[in-house]
Every structure is written in C-alpha cells, then in structure tokens.
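A single chain comes next, written as structure tokens; it is the form predicted alone.
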C-alpha cells in the first residue's frame, strides 16, 4: 500500500487531497491518503505533497512541528506546487525556512501579485497542460542535477530532481490528474 500525505498546515490542501484521490484511483493502486499536520503523520508517508499558500508560514510550521526533520531523515519524496516549490529550493529571494531538497534558486511572486493571476497552456513532460498561476514563483537558476520539465518562454516553471518535483503553478485547481499520477508513479 502506498501512503501519500498532503501537508495540511496552511494553503489549498483540500484541492490536492481530492485530485490525489482521483489520481490514485486512476492508477488502481491500494492507497491511503493522509493529512499531514505532525511529525508522526509525516513519518507514515511514502510521498508528501506541499501545496500553495504562504511559504514562510508553512516553512516555520514545518520546523516547529518537526515535519522538516522527518522529511529529511526519511528522505521522503516531495511534490511541491507554488509555495511548495519555494520550500523545496536551496535558495530564495527571501529569508525563510526551506527544505533545501532541490538545487535551485526560486524567486517568490515572480509573475506578480494576486491580481496578476492567469491560466496558460504549457508543455510539460511531453504533453499540453493548463497551468493555473496565482502569485506564482519562478526558478532563477538550477544545478546540473535538476531536470527542467517546463518553461514559459525562458522562465523555468517546472523541475524534477530525483523523486522530488516542483511546479510554479497549481495542478490541483484543474481536473487533470496526470501530474499527480506522475509523482505517485515516482514514489511507487
């Protein structure tokens, strides 16, 4: 049985929970979906999804609740979207707690403020996908072990390193389960 956790400290966790459930059912695997709020919750997971929200708050709560320690000790694969992308980075343009699991520098709110939100069709992992960008970050630079999986023009919006994946946009706000399925297959 695979156990996928949805970090539920702040942000749009319920949307990730619903689309992850659909993705797991599509993959026809025995699964358990967990709301991750504590280190104990995190320790039960084979993979964790970190959603959008306020990355500074999420980062501080991950440290306070020892979730960061468990993720790092157990080498739990992470799928980070929006704020989750920021938290996966080794470096950002703002001083805050980070997981530092991916060799990249992320710029927070790279596409502007809330009013500048947009949807755009993007190419990712060999297919077309609707990207929903809300106060989205972007990646300014990556290390040599980081695979770029999506860009808008020359702006990096999706990467993968090992079993970790980071996206600048919100796949949980669509009905398309492909990106969640991709992450789950990496964890299997």
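It should be emphasised that the depicted structure is a prediction, and the values quoted were computed from it without experimental measurement. Residue numbers count along the first chain shown, from 1.
In what follows, reference is made to the form predicted in complex with ligand GLN, a form of this protein that is not presented.
Which one of these stretches, 133-141, 35-43, 120-128, 59-67, sits within 4.5 Å of ligand GLN in the model of the complex when only heavy atoms are counted?
Looking at the other structure, the answer is 133-141.
Hey, with ligand GLN in the model of the complex, do 53, 86 and 170 all fall inside the 4.5 Å heavy atom range?
The answer is yes: all three residues contact the partner (heavy atom, 4.5 Å cut-off).
Does residue 109 reach ligand GLN in the model of the complex if we count a contact as any heavy atom within 4.5 Å?
Within the cut-off, so yes.
In the model of the complex, does residue 102 come within 4.5 Å of ligand GLN, counting heavy atoms only?
Outside the cut-off, so no.
Taking ligand GLN as it sits in the model of the complex, is residue 71 in contact with it (heavy atom to heavy atom, 4.5 Å or less)?
Close contact is absent here: in the model of the complex, residue 71 is far from ligand GLN, nothing within 4.5 Å, heavy atoms only.
In the model of the complex, is there a heavy atom of ligand GLN that lies within 4.5 Å of any heavy atom of residue 78, even though the partner is absent here?
Judged by the heavy-atom cut-off of 4.5 Å, residue 78 is well away from ligand GLN in the model of the complex.
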